[in-house]
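Here we start with a single chain on its own, the form predicted alone, put down as structure tokens.
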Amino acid sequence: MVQLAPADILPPPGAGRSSRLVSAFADRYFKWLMIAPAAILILALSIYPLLFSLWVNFVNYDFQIPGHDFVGLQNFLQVIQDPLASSALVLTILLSLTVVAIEFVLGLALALAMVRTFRGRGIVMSLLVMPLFISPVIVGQSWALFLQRPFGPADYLLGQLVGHPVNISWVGEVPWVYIAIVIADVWQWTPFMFVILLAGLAAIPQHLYEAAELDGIGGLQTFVHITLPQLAPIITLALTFRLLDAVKLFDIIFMLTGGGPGTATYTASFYLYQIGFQQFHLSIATAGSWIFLILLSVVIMVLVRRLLRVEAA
């Protein structure tokens, strides 16, 4: 048997120091090492499409025309000069502001009604938040079946309510088609406002209300001077999240109206879908997407600054 000398067993000089350095580095940057694979994967899947879309902006990338000739800013000009794009952007703004305002009012009313415990509260809350778990495509199709003549029961039920026959083309005439879109969107997303605002109401310290009650302050004054100021950061957060999602309205319109009648319900997202995937003008649709992204980024910066200002206060 060969006997090993002690020098043969010992690690080479500097090996222990290197191990300690590696261990210290891993301990110091452990959290970054854990998220590095996911971050690299996300960047790889996002940077290439981003760079590809930048290239498509400035070439003629049309499935009906061979070649990809450089056209400069022509794609952007076609979107800017298209009156349908302008009307789609205006409709997106109006619909977004309308649905978010209605959802906020209804969500706040439901949150105020549900903040106190009562028998059956859990069942009622489960029913209220159920629309959140339904796909927007299913919501749009369900409301289309409910409102569509002659099979949908909407006109019959409304006629029973008002006492005379009602004949409304909810998905085929203006302005009823806008009302139908608002109803469907409000039905699905009011629970989102309700859940966030209810969490904010539950977090308000109860001693503030007890002190107001001892001072003889009425319910309206309590709401104005205690509830609203305490709830302001949550309100800003809920409005920000919901507004950023509402401007992307597509699913419900796709299933409920198909953009009709004519182009009356073309939102920005639906317009880009039609240009890019129905008419196959991919370069124009990509340029329109970047214009929409830039405009939306301005809104995001304003809302985020407002949100940070409220949190700092």
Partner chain sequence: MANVKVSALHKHFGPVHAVRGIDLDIPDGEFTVLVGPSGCGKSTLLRTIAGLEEIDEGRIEIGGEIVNEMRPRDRDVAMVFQDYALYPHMTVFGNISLSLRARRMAKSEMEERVGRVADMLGIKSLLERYPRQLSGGQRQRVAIGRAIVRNPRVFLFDEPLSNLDAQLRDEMRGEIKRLHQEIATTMIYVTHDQVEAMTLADRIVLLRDGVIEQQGAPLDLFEQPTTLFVAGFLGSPRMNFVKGRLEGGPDGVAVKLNGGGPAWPLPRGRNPVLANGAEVIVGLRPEHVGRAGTGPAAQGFARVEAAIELVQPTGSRSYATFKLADQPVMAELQAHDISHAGERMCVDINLRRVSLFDPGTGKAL
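Since this is a predicted model, take the numbers as computed values, not measurements. Positions refer to the first chain, counted from 1.
The next section is about a form of this same protein that is not shown, the form predicted in complex with the partner chain.
*Asks:* Does the trio Ala109, Arg121 and Pro131 actually contact the partner chain in the predicted complex, every residue with a heavy atom within 4.5 Å?
*Replies:* No.
*Asks:* The partner chain isn't shown here, but in the predicted complex which of Ile226, Leu243, Leu201, Val186 has a heavy atom within 4.5 Å of it?
*Replies:* When the partner chain is considered in the predicted complex, the option within 4.5 Å is Ile226.
*Asks:* Could you work out which of Leu84, Leu208, Leu73, Val166 is the residue within 4.5 angstroms of the partner chain in the predicted complex, going by heavy atoms?
*Replies:* Flagged contact: Leu208.
*Asks:* Among the candidate stretches 134-142, 215-223, 193-201, 73-81, which one is within 4.5 Å of the partner chain in the predicted complex when only heavy atoms are counted?
*Replies:* Selected stretch: 215-223.
*Asks:* Looking in the predicted complex, any heavy atom of Thr98 within 4.5 Å of the partner chain?
*Replies:* Contact check for Thr98: no, nothing within 4.5 Å of the partner chain in the predicted complex.
*Asks:* Just checking whether Gln230 would be counted as a contact of the partner chain in the predicted complex - the rule being heavy atoms within 4.5 angstroms.
*Replies:* Because a heavy atom of Gln230 falls inside 4.5 Å of the partner chain in the predicted complex, the answer is yes.
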